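Coming up is one lone chain in structure tokens, specifically the form predicted alone.
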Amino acid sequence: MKKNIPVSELRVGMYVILPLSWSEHNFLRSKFRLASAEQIDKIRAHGLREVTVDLERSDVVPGDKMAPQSVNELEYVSHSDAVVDPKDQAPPPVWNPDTLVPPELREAIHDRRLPPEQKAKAVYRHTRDMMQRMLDAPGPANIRAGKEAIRSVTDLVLTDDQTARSLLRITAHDFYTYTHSVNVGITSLMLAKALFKNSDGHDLHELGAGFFLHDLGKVMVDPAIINKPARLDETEMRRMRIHPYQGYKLLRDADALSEECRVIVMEHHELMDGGGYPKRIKGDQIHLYGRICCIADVFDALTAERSYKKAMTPFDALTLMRDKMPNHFDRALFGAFVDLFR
């Protein structure tokens, strides 16, 4: 039995049939069971008023009440896509170094005819696609291929100021891990560019790689924890806190671990007051590169659209970071980060 219902009444667990062709939406299939509130937000973003629900294939039917949910803003992340019914699921693509990087990404980076804003949109979209593929298939060869593609994106940010500024303005605000990785990569690299542009003492290509790959280790965390739409308990948080070390191991085993990548991946959750993880180091014990990534990481968490909160504006997020988290960040770096958005 099928029923058309308003998008506002969609609930996790409903089996939906989108009134759009495959090319008109960004899900794997047009029919699937909703697995997260983020998917509902994505459907709403398409401007749909009604969606067909297959009641017989749904775990939840219209009229069911949802349990209340709460979540810690800086602990919940998600990079899942739709849970597809096995009857409808096509074999997933098998990503390898030859298919990992969209050719459109290379074309956009090297097309000198594209206006900066248009180039930024293309580079951003295809970099997200590449990061999603790498997180879906994080084998050593794919990590190396992804890192090489990030090098080209880094070159663009470092040499094309207008496109770089446009990239900073158009970052998306969902909280899939691949989107978060690109957002943090861009904002961290922009800060590093502002700080180190006149210095030969920093390898900005390896910094770019570290910033974009800072959350690589989350592929080794149980998806049930990554996708949990509620506050993580202490056991779950202990498992979440392994992702810096897991990222370090993945890069090491891929023979892609530079010193810059190591400190960024291991220290991007360390806080200046010692309240971070995994080592609870503080102040100058935290490498400069880790401090840069930490600021960008928290900023993107606050400006992300999630199932339980609206996205903060950059101004509101920066204000909250200044007023409510004064001991979390390097003050000089935070001031320079704020300047990026003036």
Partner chain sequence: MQRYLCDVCGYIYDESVGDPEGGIPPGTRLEDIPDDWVCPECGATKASFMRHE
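Positions refer to the first chain, counted from 1. All figures in this text were calculated on a predicted structure; none of them were measured in a lab.
If you look for the form predicted together with its partner chain, you will not find it shown, but the lines that follow are about it.
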Problem - 4.5 Å heavy atom contact, K279 and its partner chain in the predicted bound form - result: yes
Exercise for the section: Indicate whether its partner chain has at least one heavy atom within 4.5 Å of a heavy atom of I242 in the predicted bound form. Expected result: yes
Exercise for the section: Classify Q246 as contacting or not contacting its partner chain in the predicted bound form by the rule of any non-hydrogen atom within 4.5 angstroms, answering yes or no. Expected result: yes
Problem - Proximity of R238 to its partner chain in the predicted bound form, heavy atoms at 4.5 Å - result: yes
Problem - Region of this chain that lies against its partner chain in the predicted bound form, out of 292 to 300, 310 to 318, 36 to 44, 270 to 278 [heavy atom, 4.5 Å] - result: 270 to 278
